[in-house]
Ligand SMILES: N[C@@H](CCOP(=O)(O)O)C(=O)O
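Below you'll find only one chain, the form predicted alone, shown as structure tokens.
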Amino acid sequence: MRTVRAPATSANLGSGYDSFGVALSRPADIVSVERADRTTIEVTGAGAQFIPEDPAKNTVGAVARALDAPAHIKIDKGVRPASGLGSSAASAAGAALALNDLYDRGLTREELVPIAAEGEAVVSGAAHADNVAPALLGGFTIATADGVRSIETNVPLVACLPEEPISTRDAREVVPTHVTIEELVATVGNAATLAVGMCRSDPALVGAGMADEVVTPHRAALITGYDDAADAAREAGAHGVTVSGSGPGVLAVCPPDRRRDVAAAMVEAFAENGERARAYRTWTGGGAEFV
């Protein structure tokens, strides 16, 4: 048996749509695998009742097929599905790392990224690496057609998760297909600022670089109470706020001593909009690891 802890992640980070990702120190999935003649899946934990155990419909089933590694796979969900915190990516990354070791496939973590991304395709309809990359490699990652780059970083974050789920497929449908040259220039500048901030572990720069007027407003409109929660987070000391992945999760970057205030402010703002929410005071963290 192999058991892996695979972290929640946040993708896009505002200005880095389908490219940027970051691993969170909490929450996380626990994935255990045992050799078997055929793949079976057992799911417990947060939102388990909404996750199919049919290998043809589950992210880890796709990973097992890609690695030719049939197994009995147990997933204890710490990352709720349809949260914008990389729930499917955590399971896929954990299974990829565990099965690669169990069957001695000898692949590096970087080589496992596209395999785990095949699992993502089961949920979103496309094999995107922006969540599975940080789930496997940790830190801050940039996924491009040429591969994945990653750096270690240490940035304080708050991830606030409203109860109302949002489908990844629905969130992709609202993304605009065209941008103006002015929007492109602004996005490139913000993305560059965010990347420099991550390299320096500078939360103020990261927050400034989260600004985005292309994708984020459309996805934010799907989240009840988003504008009030974002305003409350900034008033409580956050340097920047954005939609985490496809939502409804909301990610704030702030000074380490302001995380408690920022978390409380966002939860309260959602409550005032009739939306129950919970907040995780977290940091950028490492990738999946054996336990």
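Note that residue numbering begins at 1 and tracks the sequence as displayed. If you're wondering where the values come from, they're calculated on a predicted model, not measured in any experiment.
A second form of this protein, the form predicted together with the named molecule, is not displayed here; the remarks below concern that form.
Q: Only one of R105, R200, R172, H72 has a non-hydrogen atom within 4.5 angstroms of the named molecule in the model of the complex; which is it?
A: It is R172.
Q: Against the named molecule in the model of the complex, would N12 count as a contact residue? Criterion: heavy atoms within 4.5 Å.
A: Yes, N12 lies within 4.5 Å of the named molecule in the model of the complex.
Q: Whether T168 contacts the named molecule in the model of the complex should be assessed with a 4.5 Å heavy atom distance threshold; does it?
A: Residue-level check for T168: yes, a contact with the named molecule.
Q: In the model of the complex, is there a heavy atom of the named molecule that lies within 4.5 Å of any heavy atom of G84, even though the partner is absent here?
A: G84: contacts the named molecule in the model of the complex.
Q: In the model of the complex, does Y17 have a heavy atom within 4.5 Å of the named molecule?
A: The answer is yes: Y17 has a heavy atom within 4.5 Å of the named molecule.
Q: At 4.5 Å between heavy atoms, only one of the stretches 262 to 270, 239 to 247, 223 to 231, 62 to 70 reaches the named molecule in the model of the complex; which one is it?
A: Contact criterion met by 239 to 247 only.
Q: Within 202 to 224, which residues have a heavy atom closer than or equal to 4.5 Å from the named molecule in the model of the complex?
A: Just R219.
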